[in-house]
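Before any questions on how it binds or moves, here is one chain, the form predicted on its own, in structure tokens.
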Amino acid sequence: MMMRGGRSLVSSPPAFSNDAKKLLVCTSNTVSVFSTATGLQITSLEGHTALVTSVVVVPPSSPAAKVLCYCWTASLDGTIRYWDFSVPELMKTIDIRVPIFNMVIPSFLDIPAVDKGKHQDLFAYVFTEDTKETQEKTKALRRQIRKCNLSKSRLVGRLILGETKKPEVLTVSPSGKFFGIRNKCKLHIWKVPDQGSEHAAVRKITLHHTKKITVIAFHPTQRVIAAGDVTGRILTWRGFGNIAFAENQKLINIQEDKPGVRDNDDADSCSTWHWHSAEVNVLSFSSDGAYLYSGGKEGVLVVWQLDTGKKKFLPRIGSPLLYFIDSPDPTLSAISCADNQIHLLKMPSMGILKTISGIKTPCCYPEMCKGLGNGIAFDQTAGLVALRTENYCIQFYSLFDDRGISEVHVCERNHQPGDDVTVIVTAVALSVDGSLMSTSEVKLAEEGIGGLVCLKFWQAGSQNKEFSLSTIVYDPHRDAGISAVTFHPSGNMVVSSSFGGDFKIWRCNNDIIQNDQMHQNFSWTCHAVGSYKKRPMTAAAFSADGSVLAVAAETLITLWNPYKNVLLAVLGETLTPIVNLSFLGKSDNLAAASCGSNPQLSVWSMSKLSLSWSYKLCIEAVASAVDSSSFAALALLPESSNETTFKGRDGVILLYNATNPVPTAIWSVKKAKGGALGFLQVNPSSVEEVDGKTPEVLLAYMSGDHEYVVFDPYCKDAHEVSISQKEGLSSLELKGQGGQYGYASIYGELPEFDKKSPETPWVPSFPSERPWETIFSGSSHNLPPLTKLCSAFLESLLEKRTAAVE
């Protein structure tokens, strides 16, 4: 067992508890329970062996039953489980032996009603996969809607309500009388039969549209259903099923005009609204049925008033919306976003109260930008990881607490979901103590015009990793891109290498500013410049004591004195360019990884200035322990061996001792492409002992999907690591649920205002030779007047004369 984290919080819709104090979130093969007051995880439901696809909270049968905490979960492992999530405790398991993609329970019976001396059964409708193949039935229609008797723990005979090619989302009406699915350009709606018999006939209608439908929602009290399509339109059918779902089937239908209804569908009318520019992902009616919430790729939550069509917006959420969940508390709702975040909203003002922040997903960059680095750095002392995000930020994520800590805005740009990528954060580096950070970014050229490289230095202002910008350097290596950025062990020196054939050493000037509150101001200046035969510099690393700087000049390793900028030695040549250098702890060995047609992992002896040993391996990442000579390497496996030998796993983690070419341990992993490794130093007082020993160093592996595991690499069984929290979650939860009265209970606490206006810190920067690259950077409301912009822009395009012409 290992400590796992970084799972997706938005793979399925979450669910509120009956008292709205807890939020149940599907996280891989578990269900995590969060406090809505603090946004912190309280407990988890563990037992499923595959992805959990649905969680349904049992509603209370009476107002007094709101304190009860029971739920049903469904999973791809083919089981449906019944939980008491207040303990937590597994109460019941139903194994239907087929993967379950989705589940709804239209009618709950907390206390079984008695009908003529017989208990009524509880039924669920599940979307499953037919794993049996016959000659008549191929893989074309293998996803089925089945009825499951939860009371008797079995599927209902051979009853199949519908079949589709792909698994669709089952949506149930708030009244529990209807449920439906979308299937391409059609809507299929079923009426839930009475609870009397499990074989009762299930009536169905179909509504048609001209575009592919993406989401549906039922009105809480009326026969109204809304659907969103791929073009951004929202359709609302009123009076659906008045004929097919009528109680008296002998009633004669009088044909009347049905505005907007296609193909003589069973509905009274159909109206259309259009605001979204892309497909609609979110649709949900308010609990009173007066409003409709919609959202999509734009990252904007729209509130429609059904009677008038008027709109209200919650803009700049920053990520496409996936789900909107209403809670039993009318003042609380939740939205799930594609950036793995869940925002708790205060209704009806739609202000964000808390954010449950998962790890951000990997960035999608153009093909020409591949190979610029994975943008991941580990803070070894604090157990944090810094990774780049799509909204031009660096996210700091706690590997031990499995939650987001903070975000640093690297680029002064307004990120809109769906926009073309114009800026890429190519590298991020942290100092040993985590107090300083350096980032490099590239502004992509548009049609060959306008490229720009920036090197930025940051300093931490508090323990929450709130970094502030200290120095900006435009085009630090002329027009060349930055290949690597590395901190000196002391933190007061940084080296940046470039593909243009040089590297630069930057020194920190630490000034203490005398104000009402004394604080340090860090500014960075270039200390030295080095190159070797005009070769591209592809990687760099400092030794443990900082006395030696190793810089890779393509296939060669050059050793420098970083203080005097003197070339000390040149190590032998590799077959392909080196992309990673790492000094192995306090030993006199250096590990180098090269990529290309002949990849290689090699270890070099600094005392002998020669090659110790090497392997022909394609290395994705290398990490070394600080206080020992051990290091770990993440190697990619050949595609031919994935399916047979390693059962789909595409990488292995190799643990080496620097002096021994035989690995001391090997672990096979999935999604190694784009992965990262890092050793973490742990405080012994915060780690529970395993077999009488306390691990001092842990190894963290982060996959290409940003899921991670943390384990003790020196333990044979790789036991699970338990970290004790500095402050209990229960105490934090009590703090967040403290009673408020009077003004604070209605409008919230008033913010504290500082009478003295904060002074904007001066950020030193080194100007670029092309100033027009940065004129239009920043938010639109912060731009200078047009007259100033135009004059500066036009002057930058003109060439100044160097001498007067007679």
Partner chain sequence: MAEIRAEEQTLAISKTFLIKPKLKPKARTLPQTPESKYWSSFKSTQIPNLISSISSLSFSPSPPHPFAAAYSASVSLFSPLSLSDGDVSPSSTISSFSDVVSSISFRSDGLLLAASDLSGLVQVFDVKSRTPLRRLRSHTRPVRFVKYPVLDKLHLLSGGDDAVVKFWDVAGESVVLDLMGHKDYVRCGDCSPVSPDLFVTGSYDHTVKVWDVRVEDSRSVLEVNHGKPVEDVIYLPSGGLIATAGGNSVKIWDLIGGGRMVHSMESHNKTVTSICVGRIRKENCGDESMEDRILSVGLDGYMKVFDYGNMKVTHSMRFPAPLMSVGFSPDCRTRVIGTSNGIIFAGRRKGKENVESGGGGNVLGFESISEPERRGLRPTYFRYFHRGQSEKPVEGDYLVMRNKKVKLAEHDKLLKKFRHKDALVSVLNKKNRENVVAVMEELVTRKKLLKCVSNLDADELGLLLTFLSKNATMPRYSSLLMGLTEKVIEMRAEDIRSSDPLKGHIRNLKRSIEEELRIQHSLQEIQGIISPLLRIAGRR
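Positions refer to the first chain, counted from 1. The structure displayed is predicted, hence computed values, not measured ones.
In what follows, reference is made to the form predicted in complex with its partner chain, a form of this protein that is not presented.
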Can you check whether Asp420 is within 4.5 Å of its partner chain in the model of the complex, heavy atom basis?
yes
Determine whether any heavy atom of Arg388 comes within 4.5 Å of a heavy atom of its partner chain in the model of the complex, and answer yes or no.
no
Please run the contact check for His343 against its partner chain in the model of the complex: heavy atoms, 4.5 angstroms, yes or no?
yes
Please run the contact check for Leu556 against its partner chain in the model of the complex: heavy atoms, 4.5 angstroms, yes or no?
no
Identify, from the list Thr664, Gln681, Thr355, Ser490, the residue with a heavy atom within 4.5 Å of its partner chain in the model of the complex.
Thr355
In this chain shown alone, the residue from Lys186, Lys177, Lys152, His409 with a heavy atom within 4.5 Å of its partner chain in the model of the complex is His409
Quick check for you: of 264 to 272, 672 to 680, 586 to 594, 444 to 452, which stretch puts a non-hydrogen atom within 4.5 Å of its partner chain in the model of the complex?
444 to 452
Heavy atom contacts to its partner chain in the model of the complex at 4.5 Å, residues of 471 to 486 in sequence order:
Ile472, Tyr474
